[in-house]
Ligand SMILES: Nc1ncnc2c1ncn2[C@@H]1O[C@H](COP(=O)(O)OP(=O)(O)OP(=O)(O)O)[C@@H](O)[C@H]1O
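Read the single chain below, which is given as structure tokens and is the form predicted on its own.
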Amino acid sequence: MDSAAINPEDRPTKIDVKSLTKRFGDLLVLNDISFNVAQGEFLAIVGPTGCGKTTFLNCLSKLMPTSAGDIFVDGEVADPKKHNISFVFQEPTCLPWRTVRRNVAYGMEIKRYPKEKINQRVDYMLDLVGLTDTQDLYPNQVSASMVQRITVARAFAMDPDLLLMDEPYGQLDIKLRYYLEDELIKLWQTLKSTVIFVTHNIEEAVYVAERVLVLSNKPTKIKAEVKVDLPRPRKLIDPEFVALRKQVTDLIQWW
């Protein structure tokens, strides 16, 4: 059975966030946040504007130190030197001097994977995301959707312990965004990665995730957890989808 079809509660815990707290001087931004993410789970996080979602991701990725608490991967304190924590930022981060192929390979080169393994993995990822025919082009020679696919392929190519995504499709038009969201879901189902997806778009969160965490305003805590037990592909006009979207919207509106 596809592990993505198994209830997250029945999968082993992959990520354990314990008492995550972040202060900037006297300003308390993240207030003792704790939650688990199951192996291969797709978790979305939403919250009111200015609640600290980017700070939250920066702490999870170890780009920023926490004031208290920590994140654990398979029971061990997360360590970028040991664990693969991949980050897809809101703005595309392709390296313009590298071809599509060499952009996808970049993270594995940094981690000093064997050359043969890099080539095999890049071939596999390029095929999965439909970039094989454009692998020798440069980012400025391909479309916006391809640039975003390069970024996502590079992150998944690392076989990450945790993949963090910070509104990766927020800059794209609606039609293109839904197309890439469907591609992302197929990638996740195929590669069985553990994903935390942060977005301002409530409809997007309900569309992609198995579970949605709703953050409060600062000092930020987890206000609620909403399970999204809907079949895929999901339909935006499905009454159950509409009800879940309204539930999450109401939780954010009434913080």
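If you're wondering where the values come from, they're calculated on a predicted model, not measured in any experiment. Quick note: we count residues from 1 along the sequence shown, nothing fancier.
Keep in mind the form predicted together with the named molecule is missing from the figure; the text below concerns it.
Fill in: the named molecule in the model of the complex: contacting segment from 223 to 231, 186 to 194, 22 to 30, 201 to 209, heavy atom within 4.5 Å
That would be stretch 22 to 30.
Worksheet item: Any chance K218 has a heavy atom within 4.5 Å of the named molecule in the model of the complex?
Response: Looking in the model of the complex, residue contacts with the named molecule include K218, since a heavy atom lies within 4.5 Å.
Discussion item. Against the named molecule in the model of the complex, would T55 count as a contact residue? Criterion: heavy atoms within 4.5 Å.
Written reply: T55: yes, in contact with the named molecule in the model of the complex.
Discussion item. In the model of the complex, does Q90 come within 4.5 Å of the named molecule, counting heavy atoms only?
Written reply: Contact check for Q90: yes, within 4.5 Å of the named molecule in the model of the complex.
Worksheet item: Using heavy atoms and a 4.5 Å limit, would one call E167 a contact residue for the named molecule in the model of the complex?
Response: Flag for E167 set to yes.
Worksheet entry | Sole residue of C51, L60, V37, I45 within 4.5 Å of the named molecule in the model of the complex, by heavy atom | Contact with the named molecule in the model of the complex is made by C51 alone.
Item to complete: Any residue of 143 to 164 with a heavy atom within 4.5 Å of the named molecule in the model of the complex counts; write them all down in order.
Response: Residues within 4.5 Å: none.
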